[in-house]
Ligand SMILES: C[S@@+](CC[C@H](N)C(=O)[O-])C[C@H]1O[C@@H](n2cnc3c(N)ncnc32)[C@H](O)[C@@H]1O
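The chain below stands alone, shown as structure tokens; this is the form predicted alone.
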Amino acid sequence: MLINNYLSKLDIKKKLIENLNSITVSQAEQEAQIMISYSSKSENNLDNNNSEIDQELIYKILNERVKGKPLAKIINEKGFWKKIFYTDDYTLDPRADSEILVEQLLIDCEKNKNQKYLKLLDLCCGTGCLGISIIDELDNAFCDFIDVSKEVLNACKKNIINFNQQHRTKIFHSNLFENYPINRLKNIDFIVCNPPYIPTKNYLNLNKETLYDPRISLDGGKLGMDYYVKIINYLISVKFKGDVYFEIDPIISKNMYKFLLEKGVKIVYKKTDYLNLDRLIKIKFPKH
């Protein structure tokens, strides 16, 4: 398929694109470029010499990819915001849709740029891509990370170390707020959260690539609302005063808005993603 020392870099890329198109990869050219960069241990394949490209490694990656395994799960890397994050079989791969949470929170934080400290919580953190991306942009921000999976937290910790953010982060192994100190929660300014939100019946019909992500990171119960209900009910019960940024999906938005209305929770704003679909909701809790 490849492994030909006489192939130019351009020829290698063309062959990769041909093979990726054969399995209808939507971003074949981008994936081909990532494979070449990864095989040559370079962030930008434009700087590579042909001799630096490990064709044998590319062949192994391509062989897994044509079987349907997502590229990020093969090379354990996925780009998000401005960085390349470590990901693995235990984590939900970062997705461009989620960048809107980072973007909007940073816009809102401009209003608080004179505040001495900003304390964030990345709930259901996965790779930590949300929290890490945010504090990387804000000199005065600190972030706690919560996840129910120890394996996921190992991946999050790896990313924290890779980006040298140990001094501004703390990790908690917890089923939502179960093992998270209430005194820390009461000092949190913003919660950012991308919980599992796919209704179970829809989860069972997901495409093959998405199913490589762990079910625990996707399946949100019968209506896709299980985690939102638990999180919001708890935050109401402890009279949380900060703001919450939730990633949502259009398929659950109607039930989500109805639930918030019933609970008296204020929707500060809603935002759509790059496809003009409901993707972000910012909420604030009633004052007591």
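Owing to the predicted nature of the structure, the values given are computational and were not obtained by experimental measurement. One rule holds for the numbers: they count along the sequence shown, beginning at 1.
The following text describes the form predicted in complex with the ligand, which does not appear among the structures shown.
Only one of 71-79, 162-170, 103-111, 188-196 places residue heavy atoms within 4.5 angstroms of the ligand in the model of the complex, namely 188-196. Although the partner is absent here, residue 129 lies within 4.5 Å of the ligand in the model of the complex, judged by heavy atoms. Interface membership of residue 204, defined by any non-hydrogen atom within 4.5 Å of the ligand in the model of the complex, is ruled out.
Taking the partner from elsewhere, residue 211 is found to have every heavy atom lying beyond 4.5 Å of the ligand in the model of the complex. At the 4.5 Å threshold, heavy atoms of residue 227 reach the ligand in the model of the complex. Residues 216, 217, 227 are the members of 215-250 with a non-hydrogen atom no more than 4.5 angstroms from the ligand in the model of the complex.
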